[in-house]
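There is one chain below, alone, in structure tokens, taken in the form predicted on its own.
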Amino acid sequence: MGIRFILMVNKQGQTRLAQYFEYLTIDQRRALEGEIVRKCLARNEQQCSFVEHRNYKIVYRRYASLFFLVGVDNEENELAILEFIHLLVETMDRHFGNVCELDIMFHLEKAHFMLEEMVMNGCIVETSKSNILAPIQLMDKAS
């Protein structure tokens, strides 16, 4: 399947966006997020951006005050997921203009929509920034 979940978390460990591609109950999600966030935020910048946790491989990257965490299968390519995280941030930058935590908080539906355009059922299906943003720009024009 590939990608199991995508999280965006601030430096205090508060989840700002969570997208899951497998079924987990709310309690399981809360416990998993807490464990992963504590583990990733405790690491320093000199350590690598890959962590193994339970049956997941966590690939994360920090951009300004946000951490982007992606949980994947153990067979998934970590560098490809780092590229995906970078593409996601570049796409959000293009739409919001230097994306920050407040953009995610106040435009959560647009952030989810971008993710849904890029990932379907745990597989990356779109990597073109213009193709990802075209439906969002149409919605902005209509409103």
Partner chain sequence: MGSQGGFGQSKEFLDLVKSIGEARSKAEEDRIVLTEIETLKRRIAEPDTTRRKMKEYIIRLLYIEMLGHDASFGYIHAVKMSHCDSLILKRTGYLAVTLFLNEDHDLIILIVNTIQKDLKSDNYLVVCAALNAVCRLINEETIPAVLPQVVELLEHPKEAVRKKAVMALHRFYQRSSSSVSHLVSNFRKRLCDSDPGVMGATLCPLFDLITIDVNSYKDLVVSFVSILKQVAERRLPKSYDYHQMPAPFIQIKLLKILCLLGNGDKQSSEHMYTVVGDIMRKCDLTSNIGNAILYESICCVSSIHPNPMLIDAAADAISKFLKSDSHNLKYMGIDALGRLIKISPETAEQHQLAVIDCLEDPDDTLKRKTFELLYKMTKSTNVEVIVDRMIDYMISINDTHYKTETASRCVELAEQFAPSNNWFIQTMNKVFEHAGDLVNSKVAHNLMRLIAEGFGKDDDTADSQLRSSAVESYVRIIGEPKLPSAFLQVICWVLGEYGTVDGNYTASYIAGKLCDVAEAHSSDDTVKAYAVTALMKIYAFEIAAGRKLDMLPECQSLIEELSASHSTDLQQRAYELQAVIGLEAQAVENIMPVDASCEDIEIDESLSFLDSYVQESFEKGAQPYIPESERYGAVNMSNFRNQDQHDASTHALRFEAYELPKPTMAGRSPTVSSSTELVPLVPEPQPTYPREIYQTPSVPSVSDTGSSEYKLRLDGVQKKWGRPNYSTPAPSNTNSDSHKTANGETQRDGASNVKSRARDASYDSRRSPQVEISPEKQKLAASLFGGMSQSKNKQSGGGHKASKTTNRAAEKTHMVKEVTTPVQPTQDLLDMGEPTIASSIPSVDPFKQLEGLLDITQDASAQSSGSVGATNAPDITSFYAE
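Positions refer to the first chain, counted from 1. Because the structure is a prediction, the values reported are computed rather than measured.
There is also a form predicted in complex with the partner chain; it is not shown, and the following applies to it.
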How about residue 36: is it within 4.5 Å of the partner chain in the predicted complex, going by heavy atoms? no
With a 4.5 Å heavy atom cut-off, would you call residue 26 a contact of the partner chain in the predicted complex? yes
Would you classify residue 99 as touching the partner chain in the predicted complex, given a 4.5 Å non-hydrogen atom cut-off? yes
According to a 4.5 angstroms non-hydrogen atom cut-off, is residue 41 in contact with the partner chain in the predicted complex? no
Taking the partner chain in the predicted complex, which residues along 115-143 bring a heavy atom to within 4.5 Å of it? 116, 117, 120, 121, 123, 124, 125, 126, 127, 128, 129, 130, 131, 135, 138, 139, 143
